[in-house]
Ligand SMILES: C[S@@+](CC[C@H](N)C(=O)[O-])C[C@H]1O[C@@H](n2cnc3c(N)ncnc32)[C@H](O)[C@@H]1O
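Quick heads-up: it's one chain on its own, the form predicted on its own, in structure tokens.
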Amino acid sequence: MDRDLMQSAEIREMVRDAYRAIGSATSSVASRLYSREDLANVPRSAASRALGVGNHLRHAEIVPGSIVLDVGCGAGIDSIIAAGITGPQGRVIALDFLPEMLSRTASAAVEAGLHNLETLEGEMEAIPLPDASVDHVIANGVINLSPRKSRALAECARVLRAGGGLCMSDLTMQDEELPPEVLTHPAAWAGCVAGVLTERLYLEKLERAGFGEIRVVSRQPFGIDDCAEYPLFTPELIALMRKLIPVERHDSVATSIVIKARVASEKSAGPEGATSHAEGAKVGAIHHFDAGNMGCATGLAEEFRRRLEAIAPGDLLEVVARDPAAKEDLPSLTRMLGHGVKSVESRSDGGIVMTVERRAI
């Protein structure tokens, strides 16, 4: 299904506006995440606009001659470092959906004297690259920006060659959700905390996308003071967080993790219109259903049932619904029909993202 999931356009525009509005530069993020050796050949223009949440490159196992895709390159700090590791025989593709960010990355590459870095405009949910075209995928605090995380991860798996590696930093949350006033604040999406997943659900989504050998190789607390270093977090949002989040959680409102994974050495394509999965994955293809404003009283139940019946047993259906009543109605209906509820995520607008496994009945 090609149609965007619910509100994805609005969320993308919110993120675009937030990143375009960044007027200040800071070196505090780069100096906290990277060593002096890492930054030795990184132009100040890239280092001063670092917005990542971890240093996954020290775990990425990139070797000279590799082809690397940096998803959500931003101002280019990770792309620059990766290009230095791959060397002139390798290649780094810096992907972003903002031309402004791509321009900054391209300028930084010229300043660093790199000729093996190219920029590519596109969205992480529809990466404009052929299947099996890169050796490594890296990303830093980016997947949480997507309203379609399963699709973004599936795209990462699609473009990786057989046996290719994924290594990325991102934020995860414990089971306790942040206050609604924080989650619904516009700056919270751009800062990666509104779209944050629990670690368990993050790893499940990676597995469903076709990844194996999934490991969390680093965990670091991420507190309000850390958030305040990022210009994406407005003073208003930081003040709101200090006021509404319990004091004992101020030093760890989230956890910065580094995840490594790998696609299978042999990849198989899924059915037409579904997400491809690595051979041997534990689940089938992922299908998508955007329910929009539809509620059970206005045909959601019937359409949901029809969508489930149209997919194969073992496949997954990812449903996004805006109606708050769907949070209780759809899981109950799923179980009544004899199918499995794999996960239910609350959205900041009161709706849900629910993943259902179609069972043979």
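Computed from a prediction, not measured in an experiment: that's the story for all the values here. Don't overthink the numbering: it's just position in the shown sequence, from 1.
There is another form of this protein, the form predicted together with the ligand, and it is not shown here; the text below is about that form.
L145 is the sole member of L145, L171, I286, V137 with a non-hydrogen atom within 4.5 Å of the ligand in the predicted bound form.
Checking A83, M101, A254, L237 against the ligand in the predicted bound form, a heavy atom within 4.5 Å turns up for just one residue: M101. In the predicted bound form, no heavy atom of L69 sits within 4.5 Å of the ligand. Interface residue remark: M124 is counted as part of the site for the ligand in the predicted bound form, having a heavy atom within 4.5 Å. Contact annotation for E155: none of its heavy atoms lies within 4.5 Å of the ligand in the predicted bound form. Proximity of G164 to the ligand in the predicted bound form: non-hydrogen atoms within 4.5 Å are absent; the residue sits far from the partner. For the three residues D290, R307 and A321, a heavy atom within 4.5 Å of the ligand turns up in the predicted bound form in no case. The stretch that touches the ligand in the predicted bound form, counting heavy atoms within 4.5 Å, is 43-51, out of 311-319, 43-51, 292-300, 329-337.
Residues of 61-90 placing a heavy atom within 4.5 Å of the ligand in the predicted bound form, in sequence order: G72, C73, G74, I77, D78.
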